[in-house]
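Only one chain is included here, represented as structure tokens and corresponding to the form predicted on its own.
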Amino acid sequence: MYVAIDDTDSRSSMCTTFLLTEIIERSGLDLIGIPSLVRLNPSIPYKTRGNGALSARLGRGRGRSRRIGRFGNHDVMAFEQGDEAMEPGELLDLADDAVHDLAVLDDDNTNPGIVVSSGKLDEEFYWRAVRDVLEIREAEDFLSRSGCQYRKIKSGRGIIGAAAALSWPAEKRTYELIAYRYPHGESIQQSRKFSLAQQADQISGTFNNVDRENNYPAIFPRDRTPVIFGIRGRDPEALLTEGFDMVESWGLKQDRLLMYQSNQATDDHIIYGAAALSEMRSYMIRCRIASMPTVKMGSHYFVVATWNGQEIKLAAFEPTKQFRKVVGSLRPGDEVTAYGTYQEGAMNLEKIEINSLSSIYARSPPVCKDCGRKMKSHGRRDFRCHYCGSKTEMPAYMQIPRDIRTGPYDVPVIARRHLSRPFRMSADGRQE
């Protein structure tokens, strides 16, 4: 039996991934397969933090198994196969109790949803949830047609994410190993966090662990939640061997440790080949730069591009740090492929590929044709040789070297979205 939850945290406390571990623990059942952490449309305005929903299949495991976590002093095993061991209504009630015990229900933006299903759901709903904007009634209609049981708490907006987590096809996937301490982990000095994040970056196949240039230890959450750290990787075996051994050596107090499969770093939110752009959706577009960059209050960079017969602003906001220099180096005529979310008439860039650079020339005094010496300017169309007296109206033009090259440019890790795939990763999550 599958259980899925979403929207149980707030911007200041709790984490939906921890609440799923509580449901697993309270059920006393085995995990069949690896639980899923599914990120949804990153531009939804009513999201809490990472806009992630969770799902897991629970039952009585049989066949082969492997350790994917540890709760307290006992290992958490994931079985390849399993049998049903709890009625849907019973599992729904158990999850409901856990949500009421731990979710941040006094926060206006926290509106949990729980879904229980006997199987995976149609992936079409996932693609809409990760790329579009859905209403609660659409999720209710979908779940009713799918024969699922669900429960809404407060407005119950979380059933959208819960349904999407059960619809995720998991064809492209990465993994994350997350450690917890409830209600929140011990205080760790920033310098030690940075050191540990650098160590995590040595685990085979990991990504987005640390931003060295901006001194940002990305494995540690910014807010105080039950999550101590989360290490993202492409290779589950490396996380379960190298990762387990490494985090043990750190000596941080943990209550639970669990690995998830995830759609993080897959670019699943990106819409390709769109004929028009809509607010709160993310796109890939190929366009031509049409203006000089401008800088506005707050050190936000903008440049106008032409795409599909219209003008569109490309934006690099202050949190993208050194990535703004890329946008600031663009010039009219450059051809680029831009990735980002369209909001308020501008595409907020999360990465860009520069396909070709235009040539830029500057006027300069010409060389005298009679004596070969550099002439002097005496006005816009008046150049004179001070050695032989020759005159001409025609200037020379010299090409100015560009301070940027063609190729791909990512925003730094400190500003990178969960779903955004770094250029250095292939579509299936392998290192290129």
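Note that the structure is predicted; figures quoted are calculated from it, not measured. When you see a residue number, it is the position in the sequence shown, counting from 1.
Although it is not shown, the form predicted in complex with a small molecule is what the next lines describe.
Engineer: Spot the stretch among 391 to 399, 23 to 31, 61 to 69, 39 to 47 with residues whose non-hydrogen atoms come within 4.5 Å of the small molecule in the predicted bound form.
Structural biologist: Only one stretch qualifies here: 39 to 47.
Engineer: Quick one: of K351, R256, R128, R234, which gets a non-hydrogen atom within 4.5 angstroms of the small molecule in the predicted bound form?
Structural biologist: The residue from K351, R256, R128, R234 that makes the contact is R128.
Engineer: Exactly one of A346, L134, I271, L357 has a non-hydrogen atom within 4.5 Å of the small molecule in the predicted bound form; which residue is it?
Structural biologist: Answer to the contact question: L134.
Engineer: Could you tell me if G52 has a non-hydrogen atom within 4.5 Å of the small molecule in the predicted bound form?
Structural biologist: Flag for G52 set to yes.
Engineer: Closest heavy atom of R173 to the small molecule in the predicted bound form, within 4.5 Å or not?
Structural biologist: R173: no, not in contact with the small molecule in the predicted bound form.
Engineer: Hey, in the predicted bound form, is I160 touching the small molecule, heavy atoms inside 4.5 Å?
Structural biologist: Result yes; I160 sits at the interface with the small molecule in the predicted bound form.
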